[in-house]
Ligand SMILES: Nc1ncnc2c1ncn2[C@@H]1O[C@H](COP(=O)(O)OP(=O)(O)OP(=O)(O)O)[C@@H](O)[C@H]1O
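Here you get one chain, nothing else, as structure tokens; it is the form predicted alone.
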């Protein structure tokens, strides 16, 4: 479990104007949860998540993992990086080894584990992202498609066996198929017991996948709750610079035409069924 308690972070050094990036954020991300952090550009999302494994140290407040302050000692900070794996935007840009096996095992080797253990972990991690070790291990990562390269980069984090995976805009730049495959992968990892923390500008992705949503605005936590609760309040989303998911926008347009569907619909199939039900109730046919 990750907890932020009155967490604040200010950028700036001697001679420079201090800039508050995160201010008094308190939140809890439970174990085995698919959580999402949303907010407009500059809202503090990336700064916030960089505290979750000690990449940044709070100016004030605390970050707790399983109840322990990760910044209490150097050892607790180091341990937090074993528990919380971070995947930044365009993680494939961080690939550099000559083979996929070496790239995936790089973080494992940095933990001081043996070559044999790291090879076993690379095999396991590639399997978890849907890539056969025997087929891909000795290939260059630069021969892969964009989606495959991103999977390899994620496997490199998984090889260190974190219990929580934090991803900053992991679907950026992917085509629709690649985006769906990656989100399906994250769902599968959560089903296996991992905690997923997704930072995203895609309200559709968040509405369809997340179970808990945190909204950041001007460095502060503006709202938190289940996706339906967050996205039903379209005016509040617009006030913090976010566009509601497409199904919420469609419901608004239908309402202007006098067609009122149930509130809280987030997915296309739900909307389809709601519209069919309305048509039937008004004397329509199945073909309509």
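Source: prediction; values computed, not measured. Residue numbers count along the first chain shown, from 1.
Keep in mind that the form predicted in complex with the named molecule is missing from the display, and what follows is about it.
For the chain shown alone, residue 227 is not a contact residue for the named molecule in the model of the complex, no non-hydrogen atom being within 4.5 angstroms. Residue 51 falls outside the set of residues with a heavy atom inside 4.5 Å of the named molecule in the model of the complex.
Proximity of residue 120 to the named molecule in the model of the complex: non-hydrogen atoms within 4.5 Å are absent; the residue sits far from the partner.
Using a 4.5 Å cutoff between non-hydrogen atoms, residue 44 counts as a contact of the named molecule in the model of the complex.
No residue in the set 23, 34 and 211 has a non-hydrogen atom no more than 4.5 Å from the named molecule in the model of the complex. Checked against the named molecule in the model of the complex, the residues 40, 243, 28, 59 give one hit for a heavy atom within 4.5 Å, which is 40. Among the residues 139, 109, 190, 201, the one placing a heavy atom within 4.5 Å of the named molecule in the model of the complex is 201.
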